[in-house]
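One chain is shown next in structure tokens, namely the form predicted alone.
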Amino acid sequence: MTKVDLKFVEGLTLAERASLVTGHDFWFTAEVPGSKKMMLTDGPSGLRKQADDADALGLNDSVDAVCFPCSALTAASFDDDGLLKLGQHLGIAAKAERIGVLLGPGVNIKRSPLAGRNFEYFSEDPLLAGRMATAYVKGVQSEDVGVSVKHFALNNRENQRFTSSSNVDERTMREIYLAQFERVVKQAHPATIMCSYNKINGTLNSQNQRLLTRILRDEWGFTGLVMSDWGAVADHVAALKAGLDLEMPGNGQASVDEIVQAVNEGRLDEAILNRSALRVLKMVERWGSEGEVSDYDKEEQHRFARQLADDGIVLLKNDDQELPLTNDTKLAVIGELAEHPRYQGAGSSHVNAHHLVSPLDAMPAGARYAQGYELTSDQEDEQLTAAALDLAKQSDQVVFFAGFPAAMESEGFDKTSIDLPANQTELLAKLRAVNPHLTVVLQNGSVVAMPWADQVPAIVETYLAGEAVGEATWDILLGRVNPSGKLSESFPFKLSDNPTYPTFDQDKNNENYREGLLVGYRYYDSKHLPVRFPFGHGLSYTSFQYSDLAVKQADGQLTVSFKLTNTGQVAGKEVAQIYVGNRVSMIEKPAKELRDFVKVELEPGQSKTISRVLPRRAFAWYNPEQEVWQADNGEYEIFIGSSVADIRLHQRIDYQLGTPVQVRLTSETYVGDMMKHQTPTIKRALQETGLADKLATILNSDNAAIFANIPLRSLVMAGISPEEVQQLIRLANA
């Protein structure tokens, strides 16, 4: 292929350049003289390569490929290295199939448990989502396959996703909904970014110059290509002007003619077209893959899929050491999901699995199975119920497989409930009555309400665990693997506890982010609202002790160190989580926020000292007025824990690596704020005006609290003249 540059682009005909900025069909870029076409395909959890004329949502079969666990489960691993290896495995598969760009990962925030695509996203927390995605992207691209990080941005619901406007304030957008994209762009340098369908504050994302150019390119330094989600472009000319490079899937000759006409009529600057055409050609040059499709080791990929699921499955509850199961147990396995498991999501992430192993296939010899309920109905089947209860009565322990049917959660629509189907919960209640030794294994793409949780001794969350679901589930249940997964999202007691409950999906045209920064655990933790299972929660078959917390500031950075000890009888992995609470900044802020985590493997009795450096950004908030990330000097709290609600170590610190809290005096400045954040200039102004002594007297009186809470212009009530106040303001701001 000819090396491409701007001169090469200018040598193409106008129609050829126009063809480059629109997809040739569903999956290929256009081919022009001197450059080949390139195939893109879905693949967050496995390849979904289809024939050239296949549809966008996969109604036709795709190639045989290993189905890895969904992002909801891989994020629960809290394991950067595991996500790097996942990316490498996907890259190997994509390269063998001659794929140029893999469409994934999805990094949108899990704002509401009703969002239909939550299974495809990592977390409610931007740090965790960003870390997992960064590792994934590095892994895929290390195999010379590009990625498309999606869906940029604020695509947090599926209903009316093509037209609804996500309305959000600037600070919330930067700190919660853009932060993970920023991390991936700056640290992993993805080949492409995919813009989402929705609008942000009224502007369609495919036409949003601030989003696609000013923030993505000018601020973050992105140098790759911006493509649209399939069908996201309403006005191709406006989209090109805003910074979109490639419309997918394109409308054939009509799209080419539209661009040619716009250039000829002067509605589109030819230089803008050339810029986007060059980016498409550069993408093909860097990531295009030529040659024949080749074989790769799918059995090894299946083994890795099992290992990845092992590392993410979350042990939510284990009273009286109900798990792991013992080999001599008379075991009942109940629930159709054991036979026909939910192991992947529906829609564009659906994979033609290479080798599905169901829990029924992998269950221990001697265990007996009863269907219990029908997945295609929520009504009780008396005959199935009777058989399940009879088996439970004859058994020492029961493993009940429960979860959401495939029709309940998918790309393209949002859920209306987080409750299990009625026939499952009714059977669960009857099973509890006849056999108290009951373990519930969940298969679901997102949050489940569990009003029955207090009545069962053990609960295991497997999410959508990929094609090795059966093997991985029994690895955990039988203790072949010690569980180490942690929840990457909060599980509330009920849907109405969620902060988005009053607003989510209530307006067809607008999705109003009224909860602001208080998403997920930031809300529950700040409000002291109990949840069923908190963010970061996950049990183990061993126990861990945290000790010896030390925090040091030196050489322009802050280092947190502590000791972690395995105090149990078996080897295990613990995810130690570091949270920071901001106590100095005069802004709205959550009680604490995840700022780092590390997964540590320890033998019984083994200790390790963990040392982590927290960057300045860990203490920063986005100041929309100055358009900067601001870290204020002053008091913070460092929390080390096994979850956001299980804090083991805690220390207050005086952080002095940021900037002094700036108080520019106005007549509206409150006396208490001025006195709390006195700069040397303010102190000098107080002395020169003679107000230092007057205010000291006032603030030491019985009315101190009242006078601290009045603006400077109201000090006339304390006998201080308006002229004295204005002189103070003038000197303090000099």
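Throughout, we count residues from 1 along the sequence that is shown. Note that the structure is a prediction, hence the values are computed from the model and not measured.
There is also a form predicted together with a small molecule; it is not shown, and the following applies to it.
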task = Heavy atom within 4.5 Å of the small molecule in the model of the complex: which of Leu154, Leu103, Val137, Ala305 fits that? Just give me the one.
result = Leu103
request  = Go through Met194, Ala338, Leu464, Ile459 and name the one with a heavy atom inside 4.5 Å of the small molecule in the model of the complex.
outcome  = Met194
note = Per contact check vs the small molecule in the model of the complex (non-hydrogen atom within 4.5 angstroms), the hit among 227-235, 125-133, 294-302, 565-573 is 227-235
ask   = Is there a non-hydrogen atom of Glu285 within 4.5 angstroms of a non-hydrogen atom of the small molecule in the model of the complex?
value = no
task = Classify Ser348 as contacting or not contacting the small molecule in the model of the complex by the rule of any non-hydrogen atom within 4.5 angstroms, answering yes or no.
result = yes
query = Any of the heavy atoms of Lys486 lying within 4.5 Å of the small molecule in the model of the complex?
reply = no
query = Taking heavy atoms and a 4.5 Å cut-off, does Arg161 contact the small molecule in the model of the complex?
reply = yes
inquiry  = If the criterion is a non-hydrogen atom within 4.5 angstroms, does every one of Arg342, Glu409 and Lys415 touch the small molecule in the model of the complex?
reply    = no
